[in-house]
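Only one chain comes next, encoded as structure tokens, the form predicted alone.
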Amino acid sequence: MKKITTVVAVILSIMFIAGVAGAKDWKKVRFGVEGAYPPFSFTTPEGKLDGFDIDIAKALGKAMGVEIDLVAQDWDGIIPALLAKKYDAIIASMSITEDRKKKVAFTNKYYQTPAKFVCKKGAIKEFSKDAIKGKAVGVQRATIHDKYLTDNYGKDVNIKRYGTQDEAYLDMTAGRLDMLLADSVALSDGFLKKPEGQGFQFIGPDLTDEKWFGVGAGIACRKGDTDLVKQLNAAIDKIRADGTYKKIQDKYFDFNVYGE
């Protein structure tokens, strides 16, 4: 019995030491950001990264007591670059979906907003599958909106995919698209509220089905960095509790962007 007890104690000690050794002391966190998805993430004329995601990243770093670096990365390669250790976490309005959870670990959500379609004012009287049949619909490539559009309307519309949301906006104003599909807040602030978006409007319902749109936007980390996920979750809770989150939210939005 004593031998068994000793063996168990040794095993537990080894497990404990391994756990401590495996836990990284995070003094700096590198965040992968897109920089092309206003108002969440954009690049100023001076070349500075700014936006809601950027401010949240800075606030989380302060709450964790760590230095942060912001690494700009095109959306198409944002998860592969995380897995290649170009940075430690992604804060880029990435929705938490089952497909993505197969590749990365997510924090809890830090905001949640619905997706919507946009069209030219008066162009479509009432949204339906028949009404949009044959239309050219723009969407950012490799996003949840791309997947939703492909799965639900892929046989009915002409899908045009873009590397950035701004590219889609340009084609919409140039008349090369009939509709856009994206996050409702990104469409509102990044397009509809701007001079070039004045002739356009939302159409159709809020799109929130978890199968395609997940349970909100989270911060993605590598699956092995569970300690970083825990620290980021604690930091999200902290900035929501101390008023920092609301201060950042109110800078960009006039509503509760966090959701229920």
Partner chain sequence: MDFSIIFGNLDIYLEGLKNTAILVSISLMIGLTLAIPLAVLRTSRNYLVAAPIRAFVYFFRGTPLLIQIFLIYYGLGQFEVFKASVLWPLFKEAYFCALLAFTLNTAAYTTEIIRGAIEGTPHGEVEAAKAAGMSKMLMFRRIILPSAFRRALPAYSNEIIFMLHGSSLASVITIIDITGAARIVNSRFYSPFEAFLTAAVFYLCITFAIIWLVNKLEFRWYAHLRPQDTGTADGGV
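Computed from a prediction, not measured in an experiment: that's the story for all the values here. Residue numbers count along the first chain shown, from 1.
The same protein has a further form, the form predicted together with its partner chain, not shown here; the description that follows concerns it.
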Of 109, 86, 161, 135, the one that lies within 4.5 Å of its partner chain in the predicted complex (heavy atoms):
161
Contact residue in the predicted complex, chosen from 105, 72, 131, 170 - any heavy atom within 4.5 Å of its partner chain:
170
Partner contact check in the predicted complex: of 123-131, 179-187, 110-118, 74-82, the stretch with a heavy atom within 4.5 Å of its partner chain is 74-82
Three-residue site 141, 150 and 175 fully in contact with its partner chain in the predicted complex at 4.5 Å by heavy atom
yes
